[in-house]
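So this first bit is one chain, no partners, the form predicted alone, shown in structure tokens.
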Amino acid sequence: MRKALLTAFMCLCISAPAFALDGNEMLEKVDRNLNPESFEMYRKLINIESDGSKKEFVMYSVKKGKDKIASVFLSPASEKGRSTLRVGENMWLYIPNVGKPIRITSLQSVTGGIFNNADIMRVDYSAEYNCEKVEPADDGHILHLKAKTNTVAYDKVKMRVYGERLLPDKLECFASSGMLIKTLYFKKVKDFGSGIVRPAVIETDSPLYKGYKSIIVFAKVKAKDLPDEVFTLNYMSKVEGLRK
């Protein structure tokens, strides 16, 4: 009897996974593996039209905690000085010659192209989504995410993560109807220093915009202590002053 119990226990241990992280814990690890808790970065956004023409934007951004991000456009000249702010689900655009922040929504886009404001002003995924299921996949897992509220840009997201670092390499974004809105591809993992190793490029395409593509290229991602004052409406005209 003792031998039979021991054999059954050994079989159970062999068949069980080496570890079993909760899906929401995995999602929080993905967030931290992508970004430090408080950091700055530069991004180039490239919109590629169906005829091959391109429009490029360069932004300086700062983020703190799970749901606060501010950015300022550095180029092109027509956009320079414009800034954006997101705190939780609330988003604003500041235009210098208007002088007053304007409310914007997650499904709009301050740059046009396929990336919407939710993509450009990305907060932690765990701030917007709950993980409903974890599915094994080649060299990783697929996290099935459900929006916490109906104001989130995508009702459901399938996030494929891989490796011990739990970095994403593909996101499929769906409407509440189940329609695929867009797919994001995370590429070119780069060591930015100070332990920050993450994809340096995100590309997206959409069945709703056939022949179009948008790309974000990340540079100089590094930890930076930021006061809460930075993420207020009164500071939107001063974000560029954080650059050193």
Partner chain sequence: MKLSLRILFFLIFIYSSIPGYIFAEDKSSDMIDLDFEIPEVEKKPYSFNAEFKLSETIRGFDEDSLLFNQKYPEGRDDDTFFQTDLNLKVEGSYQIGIVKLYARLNGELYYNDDEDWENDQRTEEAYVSLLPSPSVTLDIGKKVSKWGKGYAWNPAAFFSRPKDIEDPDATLEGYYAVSGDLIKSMDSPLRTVALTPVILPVSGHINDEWGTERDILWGGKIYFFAFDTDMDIMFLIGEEVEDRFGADFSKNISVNFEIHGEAAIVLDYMKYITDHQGNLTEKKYNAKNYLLGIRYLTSHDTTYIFEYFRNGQGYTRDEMKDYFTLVEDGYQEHINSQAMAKLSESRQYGSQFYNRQTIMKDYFYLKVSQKEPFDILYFTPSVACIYNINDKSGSVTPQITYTPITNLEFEIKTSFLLGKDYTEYGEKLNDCKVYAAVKYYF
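It should be emphasised that the depicted structure is a prediction, and the values quoted were computed from it without experimental measurement. Positions refer to the first chain, counted from 1.
One more form of this protein, predicted together with its partner chain, exists but is not displayed; see below.
- Looking at its partner chain in the model of the complex, residues Asn24, Ile196 and Arg198 place no heavy atom within 4.5 Å of it.
- Think of it this way: in the model of the complex, its partner chain has a heavy atom of just one of Lys80, Lys148, Lys170, His144 within 4.5 Å, and the residue is Lys80.
- In the model of the complex, its partner chain lies within 4.5 Å of some heavy atom of Leu233.
- With a 4.5 Å cutoff on heavy atoms, Asp205 does not count as touching its partner chain in the model of the complex; it lies far away.
- A residue is said to contact a partner when one of its heavy atoms sits within 4.5 Å of a partner heavy atom; Leu74 meets this definition for its partner chain in the model of the complex.
- Contact annotation for Gly140: none of its heavy atoms lies within 4.5 Å of its partner chain in the model of the complex.
- Contact residues in stretch 207-231 (any heavy atom within 4.5 Å of its partner chain, taken in the model of the complex) are Leu208, Tyr209, Tyr212, Lys213, Ile215, Val217, Ala219, Lys220, Pro227, Asp228, Glu229, Val230.
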